[in-house]
Each structure stands twice: as C-alpha cells, then as structure tokens.
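Next up is one chain by itself, shown in structure tokens, the form predicted on its own.
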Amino acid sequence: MSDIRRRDPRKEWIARNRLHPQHLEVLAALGRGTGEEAASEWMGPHGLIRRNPRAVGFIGPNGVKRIDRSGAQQGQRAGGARASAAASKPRVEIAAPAFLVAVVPDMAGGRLTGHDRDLLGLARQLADADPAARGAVLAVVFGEHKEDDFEGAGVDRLLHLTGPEIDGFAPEARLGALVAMDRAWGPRHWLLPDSKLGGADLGRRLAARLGERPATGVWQLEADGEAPLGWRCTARGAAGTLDFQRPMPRLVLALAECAEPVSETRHAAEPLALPEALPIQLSRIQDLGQVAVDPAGVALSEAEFILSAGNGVRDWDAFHHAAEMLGATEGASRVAVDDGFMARDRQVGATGTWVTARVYVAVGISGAIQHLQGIQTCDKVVAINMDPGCDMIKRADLAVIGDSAKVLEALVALVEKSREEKRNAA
C-alpha cells in the first residue's frame, strides 16, 4: 500500500460548502472524530491540521467565539447531517432529580416557538446550577402537538395533557390542571412565557391561584446566595424603558431571549402522568373554534404558510393569484422590495422579518445569505427556481427546477381541481 494521501475533490468541495446537506458528514469523515470536534478541525492533504473558522463555537484570533448566522444549521435538515449531528450530542438522563422546574410553553402552531426554547434554556440554568443536586425540567403541553424535538430542547420530563376540556381556548381547565400538578409534585420554579399567545394570561391566573407574587417581563437571571431561591431577576418595566431587580420569586414570566436555548445536549423527555384525575371545571367560556382570517393580513412573523417572491418572478398578477388560491401569506426578497413590487413589511431576511413558518415557498429567490438567515427556523422550505446550483436550492427540503410562472399555474390548477371535486362530492 502506498503512503501517498489521495484527495477527493468532491468531498473537499462539500467541506467548504456550509449549505450542502452532507457538509457535517463530510467534515466528520475528513476529521479525527465526530460532531463539533470534526466540524472544527481535520487532517489536510499534506498532513497538517486544518481548522474551520466558520464552525460554530470556533474561537477566533481575538478570543471571540463564533456563532452561526448563516442558516447552515437549518440547511442540514435536508439530509442526514441533522440526524447525525443530533445523535452525536451527549444524552443527559436525570433519574432522581432533587427538584423540578416546571415550564408551560405556548406551543403556537403545535410546536415549540423560539420563545419557548429560550424559556427551556432558562429552566436548564436553574436545574443545572448545582451539580451536586441537579433538578429536572418538566414541560407541560396541552392538546395535540407536532413537536418531535423535546429531547433537543432540554426537556427531562414531559406531561402531555389532552381531552375535549383541555383543547382550544380553555384557560380555566388548564389552570386546574396546573394547580393539580403543583399539589402532586410541588415544582421549585414555575416558568411561563410573558407573551400574548396565552402564556402571560395563564401565568397571571396561576399566580393568583397559588398566592404567588410573580415576576413579569423577566429577561435575565443572576445567582444570588442571599436571595430565598438563590437567584435575582432583572425585569423590564415602565413600558420597557426601565429595568428592575428583585429576588427571584417562585413563578416567573419571562420575555423572549431570556436565555440561550439548549443546543449541545439531548435529554430524556420521559413522559409523566398526573397521579390524580383532572378536576372537573364548569367553564364559563365556550370555544367556538378558529375564525378564518385573510392571509394577507397576517404578519410575516406569525404566518404558518408563506409564499415568497424574488427577482425571478415576472408575472406578479399570477403570483398574487397563486397566494390567494393557496391561502398563503405573501413575502418577498429584498430585491423584489427594492424594485417596488412588494411592500417593505413583506421583506423576509436578516434586514427584514425573521419568519418561523411551517411551510416556506421561495419563488425565484436565489438565496442571499441575509435571506437564508431569516428563514432559519422554518420547518419545510420549498424552492422554485431555474438555477439548480443556487443556494436556495441547496437549503430547500424540496426543490422544483423550472419556470416559476408555469409551476405556479400548474399548482393553482391542481388546487382548483381539488376544490371542484370536493364540491361535486358534497
């Protein structure tokens, strides 16, 4: 066997391309290990150790730790790199926790929001503060959900409550469940999002029922051995113009970006069940279901389905008609906005709005780095483009190579045909 090291040009190209679905896999194959270590350094063709200055967590020459704003982590979802990266994370299991930190996420759209993940990161701070007596993070989820990454979000125990009395808008029934849970396990801390999606209202109801004086608008925690619970919290007040510090109470309503979300470990997320039946609540509120809204009036940051246009769109009337037929909220790239085809509040990206849609359809968008940053947390990305080598195609979970006008026309025809068949069947 020869000692000559042979190069693989294709693998070297994938190693340089952060948006390629196999990027981390190839780095792991070129490196001396797996996971973040392999993504940070590997053996070069001449026997020299090469370091990746774009790797997440890389310490630069000025001692600054790099964070990823490129959207590469989300691009990994298209292939097996995301699964391999998740499998390489150390798994944490807490068999006998010293205490519980209860978190009640909003779960907007049936999945963890960015605010929810920040809150779980804050809960991990509280649970892991004392290595000798570690606590466990208990997440309470109401109703059906679509989330499959509670382990990666830092959840040790999961209480999933369902039923007709819990589903929909049922604050009284949910409050009864939380009070029963407090009697059963007595969590040391209660954390809820201070948001308009339901967490703020439910948190204040729970505080009144438990007789606690909650801390609202919290954005930071600091260790303080003299405080009753060993922590001090900093909260926003006076319409966000002032910060107040106080000893941390048992119940906290926290703002978004209150802590870094969990990203380096996986947890057990063991299912739990309440030891007692849920109390029967004679609710004074009747939920009549969701009200249909005009997708054009939904803010981009709250939209679940976005049809976004770029420089490749030529027939704008057809694009607007497709968005109306599909029931999608319209978005746009910066080029389309600068050219005057779309309003400024429809711009998606780092210089526009960061979106968290379940489905994001990019029509004629090449995929500038700022745009990819803005769609990092979208679940599924569909790209329609003529250029098979553009960055948006590499990022997409599903790519359609072709004329965007013809693709949208065919899609609208399928929708009309489906609706006509339903009307005939009725």
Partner chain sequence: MRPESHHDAPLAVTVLVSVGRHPLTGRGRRADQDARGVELSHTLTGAAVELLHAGRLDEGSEAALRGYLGMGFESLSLLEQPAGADVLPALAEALEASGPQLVIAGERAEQGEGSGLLPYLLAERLGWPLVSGLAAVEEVKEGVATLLQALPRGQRRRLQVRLPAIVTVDAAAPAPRQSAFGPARRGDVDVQAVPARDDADLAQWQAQSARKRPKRLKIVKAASARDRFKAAAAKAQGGGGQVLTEVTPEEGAEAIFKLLKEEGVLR
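Residue numbers count along the first chain shown, from 1. Rigid core: the largest C-alpha set superposing within 1.5 Å between the two forms. The structure displayed is predicted, hence computed values, not measured ones.
Just so you know, the form predicted in complex with the partner chain exists too; it's not on screen, but the next bit is about it.
Screening L159, L278, A207, I166 for any heavy atom within 4.5 Å of the partner chain in the predicted complex leaves a single hit, A207. Of the listed positions (H321, R246, R91, K146), a single one reaches within 4.5 angstroms of the partner chain by any non-hydrogen atom in the predicted complex, namely R246. In the predicted complex, the partner chain sits within 4.5 Å of a heavy atom of A396.
Of the heavy atoms in A223, none are within 4.5 Å of the partner chain in the predicted complex.
Put simply, E304 is close to the partner chain in the predicted complex: some heavy atom of it is within 4.5 Å. A256 belongs to the set of residues with a heavy atom inside 4.5 Å of the partner chain in the predicted complex. Using a 4.5 Å heavy atom cutoff, P214, R284 and L288 all lie near the partner chain in the predicted complex. Proximity to the partner chain in the predicted complex, taken as heavy atoms within 4.5 Å, picks out 235-243 from the listed stretches 235-243, 137-145, 96-104, 267-275.
Taking the partner chain as positioned in the predicted complex, the residues of 334-364 that bring a heavy atom within 4.5 Å of it are, in sequence order, R358, V359, V361.
Relative to the superposed rigid core, L161 undergoes a CA displacement smaller than 2 Å between this form and the one not shown. With the core superposed, E304 shows a C-alpha displacement of at least 2 Å between this form and the one not shown. In the core-superposed comparison between this form and the one not shown, the C-alpha atom of W354 has shifted by at least 2 angstroms. In the predicted complex, the CA atoms of T329 and E144 move farther apart by at least 3 angstroms compared with the shown structure. The gap between the Cα atoms of G199 and C378 is larger in the predicted complex, by no less than 3 Å, than in this form.
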